[in-house]
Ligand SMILES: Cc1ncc(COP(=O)(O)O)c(C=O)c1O
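As structure tokens, one chain now follows by itself in the form predicted alone.
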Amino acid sequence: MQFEVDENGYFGQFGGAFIPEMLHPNIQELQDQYLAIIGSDQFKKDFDHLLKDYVGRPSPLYFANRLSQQYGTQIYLKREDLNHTGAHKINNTIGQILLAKALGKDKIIAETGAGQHGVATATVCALAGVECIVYMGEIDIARQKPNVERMKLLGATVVPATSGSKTLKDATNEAMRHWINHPDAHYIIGSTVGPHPYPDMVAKFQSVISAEMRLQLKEKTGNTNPDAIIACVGGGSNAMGAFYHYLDAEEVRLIAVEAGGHGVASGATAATTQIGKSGVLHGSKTLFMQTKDGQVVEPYSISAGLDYPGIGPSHAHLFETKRAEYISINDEEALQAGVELCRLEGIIPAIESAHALAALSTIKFKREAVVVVNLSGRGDKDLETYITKAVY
């Protein structure tokens, strides 16, 4: 596919591996072995088995009848919220824990924002019987307390990141530092970010979403291709998973929704493609919000999982080539869309997913159009935010 990573780890001009010398052996080991490992018959057998019998896949593709009536189009929800642990993140952590075991690693490091990746990592570490350390921003620890307790209950050590904005960016910084000092560990990155091969590897593990979608749409509509797919984007893993098998299908409209925060021009936003520039962040060349001298601009979103100052290099390439559309949704619009799904369909979405749902109120689709919204996670973790911030 023209949007696949090249042999040097780049998607167009974005990607690569910009890493400290001490991490070079780890990254080189991954680059040299990940394709052979994940392409082996044994890996595929183990991965498919755990996705089916442990995660509960395939996740349903649900026709949202009342939501479709509300917007005058045919809306399907890809129910990643029904996965074990409550989000799409488990798809990637299952793949990476199997990879880590194949590489002989028995210590795991992770970062998390909303806590869903942290929970998913702690879950697979408990399953595999390996040590787990999760870095999480101090602010995110406070606003995602239920997920913090879940991680601890699963046996993980949760370490607060107290520098910078005390959110996902800083948790990633701390996890990277830990990895430099403990190169015997495997770092399970939670999104399509970081040095090559992580953006490609995470996308491949998450591509199960679009693989299932094709079969489910064929069964329900007679066509493997929808007219549009909508997904929220922070680093970009759930969106890349939903887009993956449609990247070369130019007739399918791909719509990625970033967190607008208080507004793109407010100074309190995470809408990377709107105000970001090319540079190096967390080990890869990508688009991120930065000052004129290249310092990271602190992001803001009501959603901890979208509170990140950049996007993965594969998304930067999709944005630059205009293969996907990138729009922003502000806090209030996301909260309203989340409450709307609760009232119309009896489903409480994660606030991350609510950003994707809010795109339905800003983009007009034809009545006969088939639109898939990737419901990346459930809203249990966000109940306090809904209760205190939403109007209902």
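Just count from 1 along the sequence shown to find any residue number. Fair warning: this is a prediction, and the values are worked out from it, not measured in the lab.
Same protein, other form: the form predicted in complex with this ligand, not shown, and the subject of what follows.
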Taking this ligand as it sits in the model of the complex, is T121 in contact with it (heavy atom to heavy atom, 4.5 Å or less)?
no
So, L306 and this ligand: in the model of the complex, are they within 4.5 Å at any heavy atom pair?
yes
4.5 Å heavy atom contact, A270 and this ligand in the model of the complex:
no
Any non-hydrogen atom of P199 within 4.5 angstroms of this ligand in the model of the complex
no
Looking at 289 to 297, 158 to 166, 86 to 94, 275 to 283, which one sits within 4.5 Å of this ligand in the model of the complex if you count heavy atoms only?
86 to 94
Contact residue in the model of the complex, chosen from G235, G260, P313, G137 - any heavy atom within 4.5 Å of this ligand
G235
Partner-free chain; cross-checking this ligand in the model of the complex, the single residue of A114, A203, A110, A242 with a heavy atom within 4.5 Å is A114
Those residues of 344 to 379 which, in the model of the complex, come within 4.5 Å of this ligand by heavy atom
A350, E352, S353, S376, G377
